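Below you'll find only one chain, the form predicted alone, shown as structure tokens.
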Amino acid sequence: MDYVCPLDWRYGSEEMRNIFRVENIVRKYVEVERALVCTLEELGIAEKGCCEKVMKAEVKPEEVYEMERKIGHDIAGLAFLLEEKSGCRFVHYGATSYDIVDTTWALLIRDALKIIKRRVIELLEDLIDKARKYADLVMIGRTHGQHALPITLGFKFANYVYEISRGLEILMYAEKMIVRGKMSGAVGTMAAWEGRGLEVEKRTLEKLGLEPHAISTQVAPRDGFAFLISAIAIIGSQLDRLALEIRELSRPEIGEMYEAFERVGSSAMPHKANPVTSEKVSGLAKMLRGLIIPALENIPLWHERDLTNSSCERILIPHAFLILDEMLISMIKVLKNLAINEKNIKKNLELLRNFTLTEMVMNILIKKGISRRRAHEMLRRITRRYVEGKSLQEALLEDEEISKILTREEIESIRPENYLGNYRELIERAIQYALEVIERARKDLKTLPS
């Protein structure tokens, strides 16, 4: 194996890698150049026959980059080769390199986002299924790593349904900003097309299925790229949070869920069942978050542009997509192989013998006429009985002050299943929100060029 970057073989799918392979990038460059020449012929700017000749001319990536080695410019090399092979002198006429590059980025990103959206939808559908399946499975909720109040496992999953559907929504909004063509010449004024630039732009981009930027310099505005990378990093961080949840709950002392893969957990310790796929997701999320800074640094370019964004984006964009692709593939696999230990969930729920329900008791006391401060003090006092191994109910019944206020029936009704609020409605509300986002995403996928 003769690889340097793990993204060349270890992380990401072949489907995603194929989008950013040099062969496909050059193919898209040529597609954009052809669309421009054919438009120029339609408008009578290029001579008749140019379109057909350029459509038949083939340029190989190795030819482009061999030419680049000689002249120091890849797009100029491409234009020279296309002119030479087609015999059409109007190849690249009126265009600047970044008309080709930025429009190609739009095509590549559009294709890459199709893959990402499909994967996010698949992940969300699994989370929705789990939110409904475990809607009534009561478990302990945790804040600050400590036992807090009861929730349900379905409620926990529904929170991830909501968050990741918001991530998908953000990504779709970023797509509208970034998947736009740029066809406006050397500084953006369309000067070379002598007043017909808007029509050149319109027809060229229509052939490619793209809308134009409203205005640009020599390059499309880089804020769209920064927003895209930020959106990708947001989804990556949401996956990281889900992965961290699974990692924490799989600790032996908690043991509520775990990755049920058949694999070696440790080279040294045969008993280990490490959550390595979730850990991989968390590790890759660090890389994604790190890509936001260079994306933001690309926004401030000199005047009508400089070249500092170019080298950065050649690395930045493919890496961002391949990393998120791997994270999504991994998290989909984790969810499909996620084991839920209901016995441990019940055991952990009962671990503090209902002392996690002191808020419930405090609210009952407040409704009985006790001030909030006094009720809080009373409950803090009885929590000391916890160390004696008593249950909350026993401590309440033994407390002289509280036992005079609350009846035995009221004390016995203080159970986790009686303090879940509107959990059912909240789960369904989160699911409905996600289903609406998924429907919009599916519509986008259907309307995009294949």
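None of the values given here were measured: they were computed from a predicted structure. Just count from 1 along the sequence shown to find any residue number.
Heads up, the form predicted together with another copy of the chain isn't pictured, but that's what we're talking about next.
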Counting only non-hydrogen atoms, choose the one of 121-129, 67-75, 329-337, 108-116 that falls within 4.5 Å of another copy of the chain in the predicted bound form.
67-75
Within 4.5 Å, heavy atoms only: does T407 come near another copy of the chain in the predicted bound form?
no
Considering non-hydrogen atoms and a 4.5 Å limit, does another copy of the chain approach K346 in the predicted bound form?
no
Is there a non-hydrogen atom of L435 within 4.5 angstroms of a non-hydrogen atom of another copy of the chain in the predicted bound form?
no
With heavy atoms only and a cut-off of 4.5 Å, decide whether S413 touches another copy of the chain in the predicted bound form.
no
Looking in the predicted bound form, is another copy of the chain within 4.5 Å of a heavy atom from each of H92, E201 and L249?
yes
Sequence order please: the residues of 177-208 with a heavy atom within 4.5 Å of another copy of the chain in the predicted bound form.
M177, R180, A186, V187, G188, T189, M190, A191, A192, E194, G195, R196, G197, L198, E201
